[in-house]
Structure formats: C-alpha cells, structure tokens
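This document opens with one chain alone, in structure tokens, the form predicted alone.
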C-alpha cells in the first residue's frame, strides 16, 4: 500500500509538473489591430501546441512607447513598420536572430531579404506591405482626388468630415509630401511653414483614429479618411462607395515586419511563430484577410485572385512616387515631436 501511495503521489506530481510545463507553452505577440485571421492563429496552436497570447496597438509610436514603458520582457514579438524597425534597432530593444535559427528564410523575396532598415534581416522577417494614402466617399464628393489638398486644404464639401490616422509617422510624412519638403527637414523656415500648415489644416479634421479608420468611412461618419490601402479595400467590400487616392505629390509605402524582441520570455516559441509565418500558405492567409501584399515567394497559388485587381494595389501611371517614412536624427525628431504634440492639442 505504501508503495502504491508513493507511486500514485509520484504520478500526480509528474502530472502537475507536465501540466505546468504545458501551461508555459505560449508565445506573446504584440500586434496591430485587425491584422491576422483567428483561423491562422488557431492553425499555429494546432500544429505546435503553443498558445498565442495577443495584445494589440494602433500605431508604431504607441507600440514603441508601450514597450519602453515596461513591455520589454513581457512580449516575444511585435509587428512594427519599416522605419520603426530601424528605430528599435537603434534603441537596442530587438534581439538578434542567429544563422540557422529560422528554417524558412529562403522563402523571402530577394527585394525584401536585405532591407536598409534591417540589413541582413538580423532582427526581423517580412510580414505585409502596402501603402498609406486616403480614401474619399464618392457619394459626398465627385471632384478630383489626385492631390493631398484633399487632406490639408480641402474643398468646402469635405471640411469637417476628415479622419486622420492617429499616427505621427504617416501624418507627418504625408504633410511633407504635400509641402514638397524633405521628411526630416532641419530648415527653420520649412519647419515653421509645416507647423503653420498643420495648425490650419486640423481645423478641417473631424477626428484622429487609426483603429476605426475603416469603420468611420463605412458608417459615413467621415467622408475622407487617411487610410491604409487594405482598410480602404475592406471598406469598399463592406459597402462604402470610396475611392482610394494616389495623389500627384506622392504617397507612403510601408513594409510591416515581425521582430524578435529583446528578453523575449518565450524565445524558442517566438522563433517557431516567425518560421510559421515564413511559409507561403500561411502568410497568404494574412494577405487574403488583410488585403495587403506579402514579402514571400510562391504565394500566388494560395492568394485570392481578386487581390491582383484591387484599385488600391494598382497606382495609375500619373500617380506620384511612393516613399518610405524616414528616420530623423534625434535633434530633428525632437522638433517633429513638438509639432505633432501641437497638432494633437
């Protein structure tokens, strides 16, 4: 009986130990809102037994602030845009992915394999890419929309009906395009003019919202919305009569990336999650859901054919150039931060 009790106790202890170990099998992901299908998350868990714990943010800047305020050591991976990857590298909050730690890096398209914001992909993998511009409700306004005046010097029909992204990077980069000045200008006259233009323009804006950028167009609460191309496509699919603009002054191009965070508490699981997203069928599921492009080879057979013909993915020949958001030096960035603070007041 004693031996039986000892054996039973040992089995119970082993079961508790195994249960504790299984409970620890998770990966904690800091992700953009409405950007990954639940079915894909469930597929990863089904294949690996690793639970995905998800927290969301609505801007690159908000994500960075949260990580610096205590998120490091809490999250395993996040999904920053191109310029934010460079900032995070400079701030020392990303871990390095050693050669051989990811099995599927050969699936990355050559044009995304060695980007300037993360040379050699030492800290990140490509996730999705697209553009940021604005969409206009054609039931409200039928005029030309090939100009950033729609956002910054709108016609009377649109004044007070504009939603801007609550994202310093996108708003300030688009403002620089509108004014024809460098993104990281240090010229005092240009900066004064930029600040004055934005102070006047915000009188025409109804709101700053990123997480509801699509919804306000669908509901009719906004007639114009600065927006990501995939959100514009989804707004049309949900019944909004919107047209996505490619202004002659230019528009923003971006690449979102999955990064390995410093002090990731579940580092091995984070690498498994990243490798999972480097499989063409899996990243294609993200593109089909979010309506953006991926950075991987051999995804075409898994994609919704409609993606190739989306108006948001096909700039007209006379569109301005697409540009990436630039990273300013610390002194210049401090001035831009001050301008942004004034805009948000």
Partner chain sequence: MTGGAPNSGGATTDTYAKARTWLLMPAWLVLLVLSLTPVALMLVYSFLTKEFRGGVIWDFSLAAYDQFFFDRGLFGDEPARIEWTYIGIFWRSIWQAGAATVLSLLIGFPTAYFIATRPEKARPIWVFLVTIPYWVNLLIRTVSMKFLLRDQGPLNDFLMFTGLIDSPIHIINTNFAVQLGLFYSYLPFMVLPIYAAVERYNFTLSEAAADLYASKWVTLRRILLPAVKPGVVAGCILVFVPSLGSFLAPDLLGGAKNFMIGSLIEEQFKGNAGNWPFGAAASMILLTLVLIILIMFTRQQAKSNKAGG
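Just so you know, these numbers come straight off a predicted model, no measurement behind them. Numbering follows the first chain given and starts at 1.
This protein has a second form, the form predicted in complex with the partner chain, left out of what is shown; the following refers to that one.
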- Message: To test your reading of this chain, name the stretch in 292-300, 38-46, 316-324, 58-66 whose heavy atoms come within 4.5 Å of the partner chain in the model of the complex.
- Response: 58-66
- 188, 195 and 209 all contacting the partner chain in the model of the complex, non-hydrogen atom within 4.5 Å: yes
- Note: exactly one of 253, 271, 87, 158 sits with a heavy atom within 4.5 Å of the partner chain in the model of the complex, namely 87
- Contact residue in the model of the complex, from 262, 121, 202, 267 (heavy atom within 4.5 Å of the partner chain): 202
- Can any non-hydrogen atom of residue 221 be found within 4.5 angstroms of the partner chain in the model of the complex? yes
- Message: Using a 4.5 angstroms cut-off on non-hydrogen atoms, would residue 80 count as touching the partner chain in the model of the complex?
- Response: no
- Can you check whether residue 25 is within 4.5 Å of the partner chain in the model of the complex, heavy atom basis? no
- Message: Is it the case that residue 105, even though its partner is missing from this view, gets within 4.5 Å of the partner chain in the model of the complex, heavy atoms only?
- Response: no
- Residues within 4.5 Å of the partner chain in the model of the complex, restricted to 260-275 and counted by heavy atom: none
